[in-house]
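Single chain ahead, by itself, as structure tokens, in the form predicted alone.
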Amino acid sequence: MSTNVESQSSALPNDEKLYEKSKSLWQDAFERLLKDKMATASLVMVVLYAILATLSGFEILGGDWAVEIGGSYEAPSFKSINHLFGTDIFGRSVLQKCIHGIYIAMTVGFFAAMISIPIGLTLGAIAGYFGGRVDEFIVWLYTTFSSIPWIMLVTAIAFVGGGGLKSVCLSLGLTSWVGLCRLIRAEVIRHKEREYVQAANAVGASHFRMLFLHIIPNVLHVVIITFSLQFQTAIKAEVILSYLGLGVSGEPSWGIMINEAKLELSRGVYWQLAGATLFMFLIVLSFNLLGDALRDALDPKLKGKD
């Protein structure tokens, strides 16, 4: 009897060894990511936007967007930094409005992802691990969600919430978990049949320990990649909602600026549209490139293709 227990204990990987191995894999992935110059540039751009968003949130930058700095519709010039993207109809700096728009976009992207990812991760892990009726219910739940047109569901939740920044974050977070839930469910089903999980089960490890300390750490690469993709998806969705009048109000958003600019093009005023589009394009492109690079760096199947 004691011999069987010892053999089962020896079959169970040591937690410290697992930690060291996991640490080595993450370190290797980080080194692979840094070797990609395009990914590094994208990461620098994302960090720069995060810094600008933080400074704008504390009104160190972008806080003077409501201050009149010149005449109505002044063209871009090098008169001052605030004139680089010209002025709007009220003589306000378009650059300052774009910078404040970074705060709106990054806030929505971050909180929407932070709401949706725990939901998708938890439901997907529970469904894949326990199976049976629990799995059937969760599959039915996300199938029902996915059958509703996404933009209509987001719009409905934002409308019920009365619009505004909090409402947009909540509506996007509560509707963006389905894709991750499907991925995590499939990954957990695949991992729960592996030897390290069976060994943990043999020595009496609890379901909580097997799921959250053994399986989920091995699928975190899916979560990280999904986070980068959902971040930029939430930014684009916020722009659409603000353009439709269901997003933020009372402060500049890239969607509001684009909505205002559509009436200005007939007068030859293009700089507000150009500014909002450029700022949005750079962050969305950076997240797309970074997401691809993260997939290449973290996907175990691609480790041997360097």
Partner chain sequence: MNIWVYILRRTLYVIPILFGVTFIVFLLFNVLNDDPTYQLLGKHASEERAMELRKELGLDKPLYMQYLDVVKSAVTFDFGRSWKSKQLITEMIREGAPVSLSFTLPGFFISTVLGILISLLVAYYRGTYIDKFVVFVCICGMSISSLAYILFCQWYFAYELGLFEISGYEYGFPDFLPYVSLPIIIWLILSLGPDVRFFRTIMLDEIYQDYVRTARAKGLSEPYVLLKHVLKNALIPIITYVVIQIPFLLLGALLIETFFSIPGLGGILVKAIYDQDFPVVKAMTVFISVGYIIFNLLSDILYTVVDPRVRLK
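Remember, predicted model here, so these are calculated numbers, not experimental data. Numbering follows the first chain given and starts at 1.
Beyond what is shown, the protein has a form predicted together with the partner chain; the following relates to that form.
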Legend entry - Residue contact check: residue 157 to the partner chain in the predicted complex, 4.5 Å heavy atom: yes
Legend entry - 4.5 Å heavy atom contact, residue 139 to the partner chain in the predicted complex: yes
Legend entry - Distance check, residue 262 to the partner chain in the predicted complex, heavy atom within 4.5 Å: yes
Legend entry - residue 243, heavy atom within 4.5 angstroms of the partner chain in the predicted complex: yes
Inset, instruction - Quick one: from 69, 273, 43, 29, grab the residue that has a heavy atom within 4.5 Å of the partner chain in the predicted complex. - result: 273
Legend entry - The unique member of 248, 258, 52, 33 whose heavy atoms fall within 4.5 Å of the partner chain in the predicted complex: 258
Inset, instruction - Choose from 101 to 109, 146 to 154, 121 to 129, 220 to 228 the stretch whose residues reach within 4.5 Å of the partner chain in the predicted complex, heavy atoms counted. - result: 146 to 154
Legend entry - Any residue of 279 to 295 that, in the predicted complex, places a heavy atom within 4.5 Å of the partner chain: 280, 281, 284, 285, 288, 289, 292, 295
